[in-house]
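The form predicted alone is given below as one chain in structure tokens.
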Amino acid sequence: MSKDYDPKEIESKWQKVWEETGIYHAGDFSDKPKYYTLIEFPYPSADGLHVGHPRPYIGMDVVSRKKRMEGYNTLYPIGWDAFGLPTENFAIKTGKKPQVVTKENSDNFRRQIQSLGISFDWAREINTTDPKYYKWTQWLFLKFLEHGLAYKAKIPINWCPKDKIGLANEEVVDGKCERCGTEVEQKEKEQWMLAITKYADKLLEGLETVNYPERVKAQQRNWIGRSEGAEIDFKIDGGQTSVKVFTTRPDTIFGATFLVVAGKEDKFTGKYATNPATQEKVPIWEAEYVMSDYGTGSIMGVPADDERDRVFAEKHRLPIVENYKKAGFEDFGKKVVKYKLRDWVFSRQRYWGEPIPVVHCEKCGIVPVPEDQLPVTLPEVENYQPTDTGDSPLANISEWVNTTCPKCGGYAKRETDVMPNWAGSSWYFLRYVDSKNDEKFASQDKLKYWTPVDWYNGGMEHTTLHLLYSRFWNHFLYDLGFVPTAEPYKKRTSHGIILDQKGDKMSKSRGNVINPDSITERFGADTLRVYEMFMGPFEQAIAWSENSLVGPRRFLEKVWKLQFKVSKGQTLGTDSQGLTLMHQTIKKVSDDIEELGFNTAISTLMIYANVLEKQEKVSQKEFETLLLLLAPFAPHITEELWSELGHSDSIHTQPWPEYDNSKLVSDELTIVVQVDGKVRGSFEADKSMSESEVLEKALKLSEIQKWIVGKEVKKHIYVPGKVLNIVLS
């Protein structure tokens, strides 16, 4: 055994062993209780991983490793969310086919991730661009179509003129394309839609049954935006038409002194309507604060009760009626429920996505592709450029587009729009449980065994859209009897991103990306892992600091050197402070991992290692406990040291250490001794020692004797179990 710590040799050695033995493969139907941990599977970009990517992988790896050691049959899978614009744009730029780009990228990502010792079950690896996978994405779409939840409609859509695709409302941020930042235009176009609004109430009710942070639940509720209220008709003066107003406060109608409509209703502006409660004429105005896609696009202005209405009324010198009569909730209009949520714009005008499996027949209309003809695969093409007409590049591939109708056998054309990359990520967690199944998207037995996911961690930016979409798909499949639970995830947590050293977001365009390969080459994977868990609270954004890698590396070197202090025959005393510290450390690290307190868990392990380092000898029990607690964070060095202790089984298959509550408080106390208020010494005392015994022992200490020799002790002041002050003058 080398005296020096050599991470490169150790890490490559054990990664090879773990791969050969399949130690992290989760077996189906084990007698052990199951535990399913999940990360948001990565998009394999051409740039490869930067140091921010592994933070969530390592975090859930720590949880997964601990769960295995606690006796759970733990599933921690991995795959690639690989359809979408970045790969298509890179293919256009380089002239490579998206299929080739995706393979190169995912191969590189896989190599980088495996070099970090993440305990993924690679036997279940999936890729959304694999026809064997998207066959089932298409099959699921056909189920939506069969049950009336997928439909085509001509609607005004958000159009990105740069990417030349339609965008869902959720993909537009402050009027701009979420991905490229271009100002979005409105364009009339036929689009495939998924009727997520039909599941609005179920998605709201389901939030009451899951363990999500309250802010995440609030985001979901706000996005769905359920409002109970009334629709009230205000008749237009001098005609038969009326403005239909939606209000959550119909009881305030007696205070309504004007109406406000969104821009699309400007045909009403400048006219007057009659308030059905007061029978008074009220002017109709247009204002930006009324949303055309919420409620009816028209509201009644009650300036005495609403701040925005008051500001508007004061600006335009409109009446403000204070202390008006309150109406009953159903005195006027019709009770209704409205939602901010809109049906999901599901089609995209690009090449690199799942083909929508329908054909258009002049005789039969829209006809689904039969299940036995799935998957409808993408044709090999040379040109992926989006078109100015708004059609997908697939529309130009006549030999692929032209086909026969599965229903009548006549001439038909394939659908040329493709699915959004949200499609493959809306159900991937289900495929992991049975990723090689060619007959079903997953077997019922395996779904019943593994689902729901026990703990899902992902980015805060995905706690609205991806979470909402995947919950919707799972609820739909539950209603069809295909999955055992309505909610897909029991628990959801989030992680903060890693910023560059200046506190900016890492991106290729900024030139501030740090490749983890360079870090593992210099410091080792275990150091990188420990640093990323130690650098700050897991849920907060934190700035990268290469200088700070030195501390975790020195900590691991300290652990390495402790092996040379181990006395294999030495045991811990039953009442020793060492025993108490060991049990306190077990409890603290165990609790912290469950609360994502990885940084404080590592801090606790560092303190424990420092204490052991100061001892002349370290018992094997103390050292083994340190290794077992450190193993989820630094799997390579702990595996090596465990082996050096003479163990033939992997440390990662050992039971997780348990603490004894009775050992958490020591029977020994440290008494600090002062002379005339200044600390001059200390000693260990038993809890049962009386005050007179404490004084007697203190007076005999050599470091105290030199201060009191030849002097008279006037009195002493004792703070039980803590401080003894000997007063001479």
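Residue indices: 1-based, along the sequence shown. No experiment lies behind these values; they were computed from the predicted model shown. What we label the rigid core is the largest C-alpha set whose atoms superpose within 1.5 Å from one form to the other.
Below: the form predicted together with a small molecule, not depicted.
Although the partner is absent from this view, K281 stays clear of the small molecule in the predicted complex, with no non-hydrogen atom inside 4.5 angstroms.
Although the partner is absent from this view, S106 stays clear of the small molecule in the predicted complex, with no non-hydrogen atom inside 4.5 angstroms. Among heavy atoms of V173, none comes within 4.5 Å of the small molecule in the predicted complex. At a distance threshold of 4.5 angstroms between non-hydrogen atoms, M291 is in contact with the small molecule in the predicted complex. I299 is the sole member of I78, I299, A150, L549 with a non-hydrogen atom within 4.5 Å of the small molecule in the predicted complex. Scanning S227, Q186, T389, Q615 against the small molecule in the predicted complex with a 4.5 Å heavy atom cut-off leaves one residue, S227. Between 249-257, 121-129, 212-220, 475-483, the stretch whose residues reach within 4.5 angstroms of the small molecule in the predicted complex through a non-hydrogen atom is 249-257. After superposition on the rigid core, the Cα of W473 moves by less than 2 Å between the shown form and the other one.
Remark: with the core as the superposition reference, the CA shift of V290 between the shown form and the other one reaches 2 Å or more.
When two forms of a protein are overlaid on their rigid core, residues whose CA moves 2 Å or more are considered shifted, and F538 is not one of them between the shown form and the other one.
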